[in-house]
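Two forms, one protein chain; structure tokens for each follow separately as structure 1 and structure 2.
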Structure 1
């Protein structure tokens, strides 16, 4: 007892405090850990895996491991065509891949870069498999079988595709490719597609944002300027569509805008047109339905900021002699701007990634980037390209979100 330091020794207190603090931090972290682990495994990993796929390029190397390795080891001569060792490896790969039924994977990858690459790979593999004995020179025999094997373009394609990673899909997602010398060039005009799709996606998102702004601003302003009892009741007109499932809202527009739907009947009855207008399965339909779906994301943040603006400022401006327009532009609008900008940015960000609504009410020329991502994932399987387009969309979204976060100071419950 005597040897023990007194209980109020500052060092002891400090040590105890540190221990308590440590325990608290550990306790807090243990509470967070389950959801953190869950989100990392079930959410972050799949997305990281998708990002990995946008640069992973091992389809050809898996089917033809020997030629990929031999090409790396021996390289090509000045004409861009490799020597006998690489051709022998190719022959061996062609035979085994034909036996293992993996030629198709390599053929598909080759076809991305070489015209008729698929038939080149499949036909040669079938021929090699049918040979009774090995020819004296594989190089001469294969080039004699198909001159394409003696071309630089074929071998530069095999070289690009030898993995394990390449920029092929990322470049393809912006209509670029590497030519035989490895410089990045635009693909032929007829094959250009994705830059235009990206531009269209941004264009549609921008149009929807402007429409939401035009419709949402008066609504938010009115809601904020009404006495809160009435304002709260009228807010239901925004919250109800907000809570209504997306499919119901999109479906409602299909019903309302179809050829003999409600809107066309009204147009005919009013005599605005003699024939029903085409309002759906085109850009008009996409803009109307997306604006409807995203309007609450504009109104709610704008409203919550506008409601917090004290009316006294406007009154003060007017009593100091400012005309109403000046008072509005110089006093009210600057204060409301963060809410309006947050809403507009939110609408734009969500619109960029929209898939369901354009798929249901758009036509073929309204397909946004997500539609191509979906097509290459589940339809014609080109997972590398799906992943590359997805990465582009993800990067655009995250960059815009950083701007949004600066604007509103992180995610807040009220802003969602």
Structure 2
């Protein structure tokens, strides 16, 4: 006897089992590690950066660091205007930013809250830089140069923009702002825009979802009911639009829906109208084109669930005396509901962020929130407002998922 523990010792077996399980877990992690890294880089990181930009507000403080710090240290008097120390810091920042060519950044941020704020900052910086000697009182000199420097609204805006974070862009994305006293109020009626655009975006997305549901449910039911040989061929027809670029499909609708297009020619030939109908560059064109593009996203999840429903259930319900309508509503539809809900949720979420199709076939009153995000990202470089508007869409999407999970019980295996 050599003293080695027996191979059937429970402790040895447990250690071997634990080692085997660790190897399997490590192997599984290594298999999904590339996907996790890809998701982290191209999905999680951009979303986190978008959320950061929606509250980051340090553009003015980076260009005018002295006045931002002095304003926090000394504050303002009863009239809402700071003292000489803050004005002296402002003058130094104006001169420095003009020399470093960073005045435009601070002027742009000031212009968001102060009418003509850009002109105020740029003209004053140019004047300060041209002075041969400092005045006796910067406060008196700057207010004399432009009375806006003696207004409470100007310094309230500078205080709000002193960073590093603020709720300015988030409030602006829902047509709100802080007044000179810091209270959240609605912007003037003439400046209200984004709530209306959000409502329009949700209205278009909901309309497209309902149209896809009305057209996609019968199609999915038919595909699931057909024999596999025929159903597979029909399924290829559903997948066919995916093989054509989105821009080409949208461009085709511009040709088909125009006044001399195929649809209007058919309407005139059938005598349904005496004159061509306006089907493009309005809401009608947007709904038609988006429904066509998004219809497969409704059909495929519904079809995958309907295909897994055994036909014996319907036959059993009918054999027990249930009318076909009752059997469909009480037996078939509840089982198909996860696929229908998944398809509806998928279509709605995709429709919320649509940009190309509404831009090409819609009119000025059909612009969705994504077009404003694109404008502020690539046109005016207002990244804060673009991120705040995108955060609104993200919150709406998460709320929709919570509603979906509440109603359907979460995404079940095989629903999609």
Partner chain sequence: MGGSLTLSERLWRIALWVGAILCFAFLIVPIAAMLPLSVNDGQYLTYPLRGFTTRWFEEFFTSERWAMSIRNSLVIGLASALLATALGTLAALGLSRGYCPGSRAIMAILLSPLIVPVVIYAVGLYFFFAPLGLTASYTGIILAHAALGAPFVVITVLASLTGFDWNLARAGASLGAGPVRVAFRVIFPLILPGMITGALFAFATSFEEVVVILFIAGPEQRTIPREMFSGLRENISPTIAAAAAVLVAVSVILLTAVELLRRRTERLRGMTAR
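All values derive from a computational prediction rather than experimental measurement. Numbering follows the first chain given and starts at 1. So that the term is clear: the rigid core is the largest set of C-alpha atoms that superpose within 1.5 Å between two forms.
Source of structure 2: the form predicted alone. Relative to the superposed rigid core, the position of the CA of residue 62 differs between structures 1 and 2 by 2 Å or more. In a rigid-core overlay of the protein, residue 38 has its C-alpha displaced by at least 2 Å between structures 1 and 2. Once the rigid core is overlaid between structures 1 and 2, residue 290 does not reach a Cα shift of 2 Å, moving by less than that.
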